[in-house]
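Here we start with a single chain on its own, the form predicted on its own, put down as structure tokens.
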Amino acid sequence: MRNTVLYSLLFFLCLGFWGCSSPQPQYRIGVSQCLDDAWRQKMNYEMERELLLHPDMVLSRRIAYGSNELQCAQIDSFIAERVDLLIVSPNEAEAVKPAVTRAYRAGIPVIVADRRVTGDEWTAFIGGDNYKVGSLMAQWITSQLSSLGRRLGGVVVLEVAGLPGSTPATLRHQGLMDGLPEGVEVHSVMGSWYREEAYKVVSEYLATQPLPDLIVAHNDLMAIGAAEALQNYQFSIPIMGVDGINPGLQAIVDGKINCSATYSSRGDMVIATASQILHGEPFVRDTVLETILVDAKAAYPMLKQDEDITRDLETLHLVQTQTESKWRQMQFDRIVLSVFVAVFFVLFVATLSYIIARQFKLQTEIKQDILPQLENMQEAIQLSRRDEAFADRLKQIVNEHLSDPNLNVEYLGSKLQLSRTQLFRRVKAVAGKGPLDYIREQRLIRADQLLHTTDMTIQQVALELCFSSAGYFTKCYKEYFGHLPSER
């Protein structure tokens, strides 16, 4: 009878412990990041946030700090550990390709993020078009020369390039060179992605060469380094960077650099694609993200959004730390109890009530404090996604009908299946302005593009985009851009 009671107590105690143990992820994902810069930190945050929606997945992240050898070794270690999926942001395409190929041939799905590797032995790619980034640099240079009244002959552009051999540096340089008109001379220095190195090489260049007309850098950090090198010269030179995140956004707001080309890091999309692959669902193999130019007008709201993301990341880390701490306490308690049960039955009986009460208290804290926070964050993520989808749909409809005189609030409401009040509220939430102001803004942006890229006159552009007159168009244009369309 005594043994029966003892075995019953042990059985129910084990059930209690197993019932409050933490959920074990089913899939382990290795993440190999080439650098630990602001861009990768933003991607890491987006991956961690999306991971809240996939409790069956866990990340193991390693950083190569710009070393091809270290990144290849880290990828090989992931292969040896037999991770279920590998996410790689390669340092240099050719140098890292063999390790990526080894993982792919070992049967491990490989998602290449941000930077491509050569060949096609990978499962999925999600990143920007770095050639298009270079083309956008060339377009910006041409527009700057036009606005400054400069002729193409004798124009010198200083290019501060990234790490030699890396896919972004190679493609951005190629896109820049292919997109420039004749008469523009490009001088290149290697900033290797770092602010300090860019400051050094630009300073050395300025000490021996005449001041260039413009500067383009392959990332915002190098653009800031170039701006700092120019501080010793009483001359303002337009500077363009690439990334469009902090500290580049702050540099644009502060007037240190003029603009930045950016595409989303989309760590959330990377994790969502990983889930689709692991669960055998359909997925897009090659995803090229849209590249846009961020100027001073767009930088400030993006900066505020970046600050919100930083606060969310801090909250997420706090929640994760609290959860892990409580699970460690519970695991420690189980170990202590197991030792006491095995050695002293008397200590087991004395400790049992204490442990059960402690376990109940910890479970209550988790249910009341931790899980509601995670559920709230999941709900916020879903709402953010719906807003993004609505913004994309709104922009698509408006841009497809910019030349349609019937494009108005009623037309938008019918297309989006919203009442006038609902439409105003949704557009105001995602665009910061009413529907009519949003339509006029998109028409002005398209007008600016037509004026810069076609031979259309101001009158023709005004009629094309449904402005009542060229005079009204000119007035709206000046209010939005700060100068007349004839001064572009």
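Values in this document were obtained by computation on a predicted structure and should not be read as measured data. Each residue number is its position in the shown sequence, starting from 1.
Below, we refer to the form predicted in complex with beta-D-fructofuranose (FRU), which is not included among the displayed structures.
Participant: Want to guess which of 114 to 122, 414 to 422, 270 to 278, 285 to 293 is within 4.5 Å of beta-D-fructofuranose (FRU) in the predicted complex, heavy atoms only?
Facilitator: Answer to the contact question: 114 to 122.
Participant: Is beta-D-fructofuranose (FRU) close enough to 129, 173 and 265 in the predicted complex that each of the three has a heavy atom within 4.5 Å of it?
Facilitator: No.
Participant: Residue-level contact is defined here as any heavy atom of the residue lying within 4.5 Å of beta-D-fructofuranose (FRU) in the predicted complex; does residue 71 satisfy this criterion?
Facilitator: Outside the cut-off, so no.
Participant: I'd like to check something about residue 140: if you look in the predicted complex, is any of its heavy atoms closer than or equal to 4.5 Å to a heavy atom of beta-D-fructofuranose (FRU)?
Facilitator: It does not: once beta-D-fructofuranose (FRU) is placed as it appears in the predicted complex, residue 140 has no heavy atom within 4.5 Å of it.
Participant: Would you classify residue 37 as touching beta-D-fructofuranose (FRU) in the predicted complex, given a 4.5 Å non-hydrogen atom cut-off?
Facilitator: Although beta-D-fructofuranose (FRU) is absent here, residue 37 would touch it in the predicted complex, with heavy atoms inside 4.5 Å.
Participant: Using a 4.5 angstroms cut-off on non-hydrogen atoms, would residue 193 count as touching beta-D-fructofuranose (FRU) in the predicted complex?
Facilitator: Heavy-atom contact with beta-D-fructofuranose (FRU) at 4.5 Å: present for residue 193.
Participant: Counting only non-hydrogen atoms and a 4.5 Å cut-off, give the residues of 232 to 253 close to beta-D-fructofuranose (FRU) in the predicted complex.
Facilitator: Contacts from 232 to 253: just 243.
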